[in-house]
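Both blocks below hold the same protein chain, though in two forms, and each is given as structure tokens: structure 1 and structure 2.
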Structure 1
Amino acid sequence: MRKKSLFLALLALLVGALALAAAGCGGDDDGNGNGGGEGDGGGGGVTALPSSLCSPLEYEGEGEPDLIIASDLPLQGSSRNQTIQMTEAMRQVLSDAGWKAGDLNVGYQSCDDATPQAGKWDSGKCSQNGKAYASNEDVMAVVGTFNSGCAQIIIPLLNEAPGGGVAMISPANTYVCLTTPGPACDETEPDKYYPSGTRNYIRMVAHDGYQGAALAQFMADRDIQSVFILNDKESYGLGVAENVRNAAESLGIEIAGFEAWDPKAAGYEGLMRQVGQSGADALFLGGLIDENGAQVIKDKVAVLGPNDGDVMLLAPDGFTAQATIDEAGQENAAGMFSSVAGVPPEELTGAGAEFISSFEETLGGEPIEPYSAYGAQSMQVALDAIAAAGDKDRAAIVEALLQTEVTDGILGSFGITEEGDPTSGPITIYVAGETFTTEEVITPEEDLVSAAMGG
């Protein structure tokens, strides 16, 4: 036993000595900047974000990058196809811009906020990423996040980041209270996400208030008298469900019920019977297809009949993916409506249409996911803000970001409100058949939007 302890002691001594030597070697701070394991992407000028969180630093322009823009998306699990495509879209924007924002050379790193086991974003990972961005002096802007829950963690971290906060542009966060106060929000929202008192976050996508309003408008147009609302009890699903409820109420549609489905349950026949008993002529599913949504759709059809029959079925963008039709079966999904914030990719004009056609070439035949254009637009806005600030100065970039005005951008022309929301908010309603096809584009009235937010 004594021998073993001696061995352990020697081992520890060795490790300790090694560490001390390492400390001695790395004494000067600036020589060994590249923290990533694979430093082949250049990056001598900046310190890359660690390779355990992000892809290696990418830079294809001349010389060395002056600063880093990071993207923060869940690159694993069910949203993988979509998010990988978004990073491709961002790369395309960067290469179109020659990896430059004004006079500054921009490097790019794609960071992952998902864990493989969960298959979706993970709060621990989000906070780790947020801290890494904040404490890396070269990170000037973050494009992300995909999930609002993750944004709730990262926004405050970036807001309080040293040097005046890091600019953050989300292509896909739709949770209302991230930017806009409303009766449905906590009293302290959204201010609690901005502890420093200044805003550093804008988004390219219209928030759920718009989606809720458009869906309610759509129901009213189709003479729906009463709607039963289900949600999956996740922050996204519950948020949309509440917005739809508020908007529908304000349009005089009766709320027949507001309940949750348990994603882990085997079936939902009893729940659907309750929906049937309530006499509702529409059912709204606030949630994600990944939360056992296919089973919900199947049981809906089994108990309440087809979607073009007595009870209409509606869902938000969490269901607008081919997986919905594949998993629920075309015979069950057929006729269900679902919405996506923004206009469909095929209806973009000008710079947007150009981008889409060149992006299609890059992808080589793969269908374009709805959020890719948003990813591209977000990256463009980040580059513009840095160019406007003209300097590697976090505070100036944040200030420029909030002044963003997009003319003939990928998503068209729009401004950004003081709170960081885009000023235009069209919502596309799709209908499921063999695939999802566009049914209608609705731009809800401001009154209805504020009603959806609980006003």
Structure 2
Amino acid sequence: MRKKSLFLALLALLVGALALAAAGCGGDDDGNGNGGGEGDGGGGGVTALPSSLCSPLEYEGEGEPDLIIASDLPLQGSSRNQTIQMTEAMRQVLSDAGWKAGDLNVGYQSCDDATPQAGKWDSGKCSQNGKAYASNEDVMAVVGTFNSGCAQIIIPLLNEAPGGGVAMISPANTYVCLTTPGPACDETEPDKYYPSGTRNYIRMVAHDGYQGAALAQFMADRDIQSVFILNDKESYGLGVAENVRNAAESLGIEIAGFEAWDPKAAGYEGLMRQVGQSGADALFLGGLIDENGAQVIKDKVAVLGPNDGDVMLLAPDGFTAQATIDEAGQENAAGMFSSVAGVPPEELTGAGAEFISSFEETLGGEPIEPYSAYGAQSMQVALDAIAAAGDKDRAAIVEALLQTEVTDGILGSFGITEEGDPTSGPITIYVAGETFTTEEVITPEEDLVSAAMGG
């Protein structure tokens, strides 16, 4: 019996020592990095989103988080540098707000909707993420998505989430039909994204009717007579290609061809010879750099010459990232024009200029990507909607979100229409060199925007 008692005593001491060691490895006690995988409390009374989908729960305020805001962006592939910077911009807004929305403490998780296999957003991952947000009663808002195709999957999942839906604010979606019906939209759009009958989604950027109109105006101002239009077959790429086609035709620019490129092709020299034979003096690429866009650019230059030569090269915001220059090579990207919905960082004023100045210090000299300020504004809008609701109440937060009015915000002053779009639509045209730099800011006429949408 003595030996048994001694063994049990030693075993108890060993278990106690292991418990203390485990507690010591569990993290610090200053509020940073609270969180864990599915089923974990994650800090206070909130349950963190699964670690297989998202970063650990972050919270740097006093006490414990009361709720979660998640961001949903592709953190792998060609968009990675841009989207990682957007998450840093969101963290800065949270830090400036003391990690609070009104009286509520806000935890944050950065979630990835991309996969290594796809090298970009993935439909299965978007579905998985959307279901996780909807089913986690602590998630009050989602900032995202970056890609409109992913938004088509997540919006309806959040729209029917328990408690009145989850508020969703996109810093970058531009596909027209997410919010607005039009001739180019399927007859079920946009209603199919809102099965509950109540909207829960807004965006901080003008839709592609504005982008298409601005790009067509830019070409007309430079005496482009004929444009060949390519697209990557995705809903966003095809949509913006159609918007450019419609607006260009309305301005008297001939459409020399309208074709798709195969993202899985090894090369596009044959397609570029077709462009050359059409006699077009401009080529527009509707799509994403992630869809083998760098090879498309390389073969354009190889066959049709430099972008400041006989055939101008233009693209939408799906190409306006440093990755385009890095992957295509500066010698190939140089001189191409690319658009972004919104104003460039250096032209922001007031609160926007203050944010950019502070964010530049955070980045330590790294160039600011065009959508970082839009990520920051999206996070601020989410905090404001939660504060206006005054409680951890999904339905009340959605209602507040739809009444968003921003005065002297990071992106200036603007409202949100009943459909969920911003009330202003400037478009920046950038030109590629060592980096993308501002060429011109265009606010297209509403008649041209209507034409771009097929009206």
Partner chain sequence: MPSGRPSLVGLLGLFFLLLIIVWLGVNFVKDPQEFINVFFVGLTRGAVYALIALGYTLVYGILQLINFAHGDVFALSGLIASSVLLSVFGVTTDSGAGLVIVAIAVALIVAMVLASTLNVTIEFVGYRRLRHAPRLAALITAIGMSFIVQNIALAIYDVDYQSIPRLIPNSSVLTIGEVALQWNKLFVLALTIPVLLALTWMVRETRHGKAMRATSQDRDASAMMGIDVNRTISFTFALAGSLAGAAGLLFLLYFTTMRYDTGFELGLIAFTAAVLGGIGNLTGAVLGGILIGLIQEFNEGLAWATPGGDWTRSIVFGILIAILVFRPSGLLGEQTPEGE
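Here, a residue number simply tells you its place in the sequence of structure 1, counted from 1. The term rigid core refers to the maximal set of C-alpha atoms that superpose within 1.5 Å between the two forms. All figures in this text were calculated on a predicted structure; none of them were measured in a lab.
Only structure 1 comes from the form predicted together with the partner chain. Here Gln274 and Ser51 end up in different rigid parts once the change between structures 1 and 2 is broken into two. Remark: the rigid domain rotation between structures 1 and 2, smaller part against larger, is 11°, computed from C-alpha superpositions. The two forms, fitted on their core, place the C-alpha of Lys298 4.7 Å apart, compared between structures 1 and 2.
We note a C-alpha movement of 3.6 Å at Lys264 between structures 1 and 2, with the rigid core held in register.
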